[in-house]
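As a starting point, one isolated chain is supplied in structure tokens, in the form predicted on its own.
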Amino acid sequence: MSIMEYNGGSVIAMVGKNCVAIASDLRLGVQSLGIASNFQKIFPVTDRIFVGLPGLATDVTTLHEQFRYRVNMYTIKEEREIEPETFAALVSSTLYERRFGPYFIEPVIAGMQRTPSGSYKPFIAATDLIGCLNFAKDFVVAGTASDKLFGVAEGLWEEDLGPEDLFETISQTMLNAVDRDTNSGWGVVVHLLTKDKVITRTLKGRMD
């Protein structure tokens, strides 16, 4: 067994037309033993950025606090809010610092990136546990159900999905994928970001 699968959990981020969504399951377990059904793996960084942290549960808490500290320091020093692309670089460098004794987390980043013209475009990225960045134009996945998430998302995702269609697509992808993975599931939380608001919805899933 890989230490990445010890507590289970999966995260997916998906791009739509002028919107982006990120979803995770809510299960916390120790291998096949279930412990909690309300474990948060997605955290707000700013009003326009969310980060998902699937992996070892203790490192989820540690890295969340680490990112919170570094983002606050950036905001104080730069006197402006961090952008998603900059935050992705911060995540990458934070993980690479610890490459010889890494955090067992594969972060997924979703946000609305401000363009030079003042508009916003969706941004998603993911890294491995030593910070190698993967940028995508459709979706990124991480966690124990990542193989299943890839398969379902490939079949359901389309270009230029509106906010409600994107929510439906990411919800169906997550619910169907975690049903086929014993280490993920027990409900899903979805965060949908547009340029002016964030919608958070919690979905019921199978509890067996």
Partner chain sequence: MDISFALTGKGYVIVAADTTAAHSIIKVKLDEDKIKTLSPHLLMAYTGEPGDTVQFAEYIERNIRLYQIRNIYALRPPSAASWIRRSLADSLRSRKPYSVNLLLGGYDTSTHTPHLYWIDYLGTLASVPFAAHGYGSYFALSLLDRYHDPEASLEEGLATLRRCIDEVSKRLIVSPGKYKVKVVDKDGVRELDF
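Here the structure is a predicted model, which is why all the values come from computation and not from measurement. Numbering follows the first chain given and starts at 1.
Although not depicted, the form predicted together with its partner chain is the subject of the following passage.
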- Item | F104 within 4.5 Å of its partner chain in the predicted bound form, heavy atoms | yes
Please determine whether Q172 contacts its partner chain in the predicted bound form, using a 4.5 Å cut-off between heavy atoms.
no
**Asked** Any chance T182 has a heavy atom within 4.5 Å of its partner chain in the predicted bound form?
**Response** no
Please tell me whether any heavy atom belonging to V140 falls inside 4.5 Å of a heavy atom of its partner chain, as the geometry stands in the predicted bound form. no
Assert contact_stretch over 160 to 168, 174 to 182, 143 to 151, 35 to 43 against its partner chain in the predicted bound form, heavy atom within 4.5 Å, equals 35 to 43
message = in the predicted bound form, does every one of T58, T62 and E65 come within 4.5 Å of its partner chain, counting any heavy atom?
response = yes
Applying a 4.5 angstroms cut-off on non-hydrogen atoms, the residues of 11 to 32 near its partner chain in the predicted bound form are L28, V30
